[in-house]
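Just one chain follows, in the form predicted alone, and it is written as structure tokens.
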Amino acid sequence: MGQNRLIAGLVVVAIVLFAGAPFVIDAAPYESTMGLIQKIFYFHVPSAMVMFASAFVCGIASAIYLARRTPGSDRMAIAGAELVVVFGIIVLVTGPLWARKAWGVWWDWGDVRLVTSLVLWLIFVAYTLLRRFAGPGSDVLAAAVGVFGMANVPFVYWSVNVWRTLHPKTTVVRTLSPEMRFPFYWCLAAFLCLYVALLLLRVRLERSKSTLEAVYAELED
């Protein structure tokens, strides 16, 4: 019951925050050079931060599974990987929409942040495909992929500080005015609440699936 209440509370808070987000974002001032289109930032960056966080959840859980073979860590890794894919889709859709108006192109293969973000997303797509179709032993192989995917996150994050790209540097959030910082943190809180609720629900679903498979195995015996 405790977890049910936690999930329900997180969902309610997320709904309230997302419902209020358009009004909070509308009250934020326009960025001096990009104008209205910059406001995609308030969804694009928080979704990217949640994607990175989920990659760490998957990677850490995968490392624990490789070391100890605990079912709980495997379930957490699966949930984390799938949510990297989900929030990665938001990142990869909002990014080009923003880029088309801000930079004049949908995609630039010379931009390291763009390319490495896509590669990171594809790594976790590979994880989910392994778990679904690779058969026996896929848990260990996928766990190794999860650790590899996590190791790529710092590279994706710091790439804009090392190479000249269209993306701004990692200090962009700290340079926001207070009027822009408030809607940013508002949207970040909304995405985090949604993420934690989905993570808990997905872990529970995987636990129920394991229980059901165990019951079927007993019936077959």
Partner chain sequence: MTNVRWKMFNVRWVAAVAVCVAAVSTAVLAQQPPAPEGFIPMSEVTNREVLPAAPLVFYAYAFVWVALMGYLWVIWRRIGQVEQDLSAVTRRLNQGREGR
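Positions refer to the first chain, counted from 1. Bear in mind the structure is a predicted one, so any value in this text is a computation, not a measurement.
Just so you know, the form predicted together with its partner chain exists too; it's not on screen, but the next bit is about it.
J.: Quick one: is Phe43 in contact with its partner chain in the model of the complex, heavy atoms, 4.5 Å cut-off?
T.: Yes, Phe43 is a contact residue.
J.: Does at least one non-hydrogen atom of Phe87 fall within 4.5 angstroms of its partner chain in the model of the complex?
T.: Looking in the model of the complex, residue contacts with its partner chain include Phe87, since a heavy atom lies within 4.5 Å.
J.: Contact with its partner chain in the model of the complex for Leu97, defined as at least one heavy atom pair within 4.5 Å: yes or no?
T.: Residue-level check for Leu97: yes, a contact with its partner chain.
J.: At the 4.5 Å heavy atom threshold, is Val93 in contact with its partner chain in the model of the complex?
T.: Residue-level check for Val93: yes, a contact with its partner chain.
J.: Thinking of Leu205, Ser208 and Thr211 as the candidate spot, does its partner chain come within 4.5 Å of a heavy atom on all of them in the model of the complex?
T.: Result yes, every residue of the spot touches its partner chain.
J.: Counting only heavy atoms and a 4.5 Å cutoff, which of 152-160, 58-66, 171-179, 188-196 contacts its partner chain in the model of the complex?
T.: Heavy atoms within 4.5 Å of its partner chain in the model of the complex occur in 188-196.
J.: Suppose contact means any heavy atom within 4.5 Å; which members of 126-153 contact its partner chain in the model of the complex?
T.: None of them.
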